[in-house]
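Presented as C-alpha cells, the chain that follows is alone, the form predicted on its own.
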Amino acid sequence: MKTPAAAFPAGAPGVLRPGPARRGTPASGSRRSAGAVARGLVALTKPRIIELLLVTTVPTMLLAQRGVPSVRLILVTLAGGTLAAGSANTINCYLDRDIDALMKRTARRPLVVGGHEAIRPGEALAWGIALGAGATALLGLMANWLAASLADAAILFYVFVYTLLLKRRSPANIVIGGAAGCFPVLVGWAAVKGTIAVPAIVLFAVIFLWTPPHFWALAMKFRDDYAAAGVPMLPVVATAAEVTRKIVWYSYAMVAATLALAPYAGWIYGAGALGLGGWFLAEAHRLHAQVARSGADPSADPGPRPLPMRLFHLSITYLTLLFVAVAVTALLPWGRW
C-alpha cells in the first residue's frame, strides 16, 4: 500500500523535492554501459563504511571462539555482513536522494548525478532489497538463523528507525539510529556461538557510544551541508560548545564501556583500552577547549587539519586499534587474566 505524500511533513523521506533531486534520472534515450551501472550499484553500498563495520566483526568472532573459527564461517559471516550493510546503505541512498542532491558531500552519489552514470531509483531499491535477501539466505543457511535475524534487524533499524523516522526529525537521530552500526558485533558473536552473551552486548555498547563523537565531529565540518538540506544534526541545532561538550561526555561513557570488557577479554586488551581511551579523551578535550576558549567555528581552524576532522579520523583509528586489541587478546592465551 502506498503512503500518501500528505502523511509526511515537508522534507520527510518519500516526498522528493523538485529541482536538483531529479538529476539522478538518466536522460531519455541515453545509453549506459554495464560497467557504469555496476560501478554505480557498488557505490550505493558505501564500501568505505562497510570496511569499518567488518573491522569489528572478525575480532568479535575471535573473542567468541577464544581462537580462530573456521575460515569458512569467517568468510560466510563477512560476506553476509557485507551484503546486509550494502542493503541498508543502498536503501538509505534511495530514500535520501532528494537531500543528497542538496549537499556537496553527497552530490556525486549515483542517484543524484545525471547522464550515463545515473542509476534509476527503482533499480537502486531492487538492488538494496536483493542484497538484503542474499544476506539473510547466506547467513541463515551457512551460519545460523540468529545471525541472519540480527543482520535483518540491522537493515530494518537503519532504514525505518534512522532514515525514515529520526534523521530529518530529531537531533537525536545519530544517537539512536547509530545503533544500526553496532549489530555486526552481535552477528559475529552469534555466528560463532549461536547465542548472544555479555561480551557481545558490551561491544555493542562500545560502538553505540563511539558513534555520536565520531559522527558529530564529521557533522561539525559539514554543518552547512546539513543545514541546507534541513537535516537537524546536532551541530545544526546547537552551538559548537554544546556539541563538543556532548562529544566529551559520550567519549567518557565510551571509554568506561571499553574497560567493562576487560574482565572478559584479558589484561592485554585492558591495557590497550586504557591507553587508547586516554588518547581519545585528550583529543576530545582539545576540541572542546578550543571552542570554549575562542567561541570560533573549529572547522575554520587554520592548522593542517580542522580539529573536528582530526577527531573524526582519530576515531576511526581508535576503533580499529581497539578491536585489534580484542583480537590479540583472543589469540594469545597468556594475554588473559
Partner chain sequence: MSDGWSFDGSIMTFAFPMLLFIVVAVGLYVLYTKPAAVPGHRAPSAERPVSYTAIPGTPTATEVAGIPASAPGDPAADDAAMAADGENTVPGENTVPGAR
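Positions refer to the first chain, counted from 1. All of these numbers come straight from a predicted model, not from anything done at the bench.
As for the form predicted in complex with the partner chain, it is not shown, yet the points below apply to it.
*Answer for Ser170 alone: is it within 4.5 Å of the partner chain in the predicted complex, judged on heavy atom distances?*
Yes.
*Is there a heavy atom of Trp249 lying 4.5 Å or less from a heavy atom of the partner chain in the predicted complex?*
Heavy-atom contact with the partner chain at 4.5 Å: present for Trp249.
*Should Gly194 be classed as touching the partner chain in the predicted complex when contacts are defined as heavy atoms within 4.5 Å?*
Output for Gly194 is yes: heavy atoms within 4.5 Å of the partner chain.
*Is there a heavy atom of Asp224 lying 4.5 Å or less from a heavy atom of the partner chain in the predicted complex?*
Judged by the heavy-atom cut-off of 4.5 Å, Asp224 is well away from the partner chain in the predicted complex.
*asked:* To test your reading of this chain, name the stretch in 120-128, 89-97, 102-110, 203-211 whose heavy atoms come within 4.5 Å of the partner chain in the predicted complex.
replied: One stretch meets the cut-off, namely 203-211.
*asked:* So the partner chain isn't shown here. In the predicted complex, which residue out of Leu234, Val255, Ala180, Val159 has a non-hydrogen atom within 4.5 Å of it?
replied: Comparing distances to the partner chain in the predicted complex, the residue within 4.5 Å is Leu234.
*Since exactly one of Leu73, Ala262, Leu186, Ala219 fits, which has a heavy atom within 4.5 Å of the partner chain in the predicted complex?*
Only one option qualifies, and that one is Leu186.
*Would you give me the residues of 210-245 that have any heavy atom within 4.5 Å of the partner chain in the predicted complex, in order from first to last?*
Read in sequence order, the residues that approach the partner chain (within 4.5 Å, in the predicted complex) are Trp216, Leu234, Thr239, Ala241, Glu242, Arg245.
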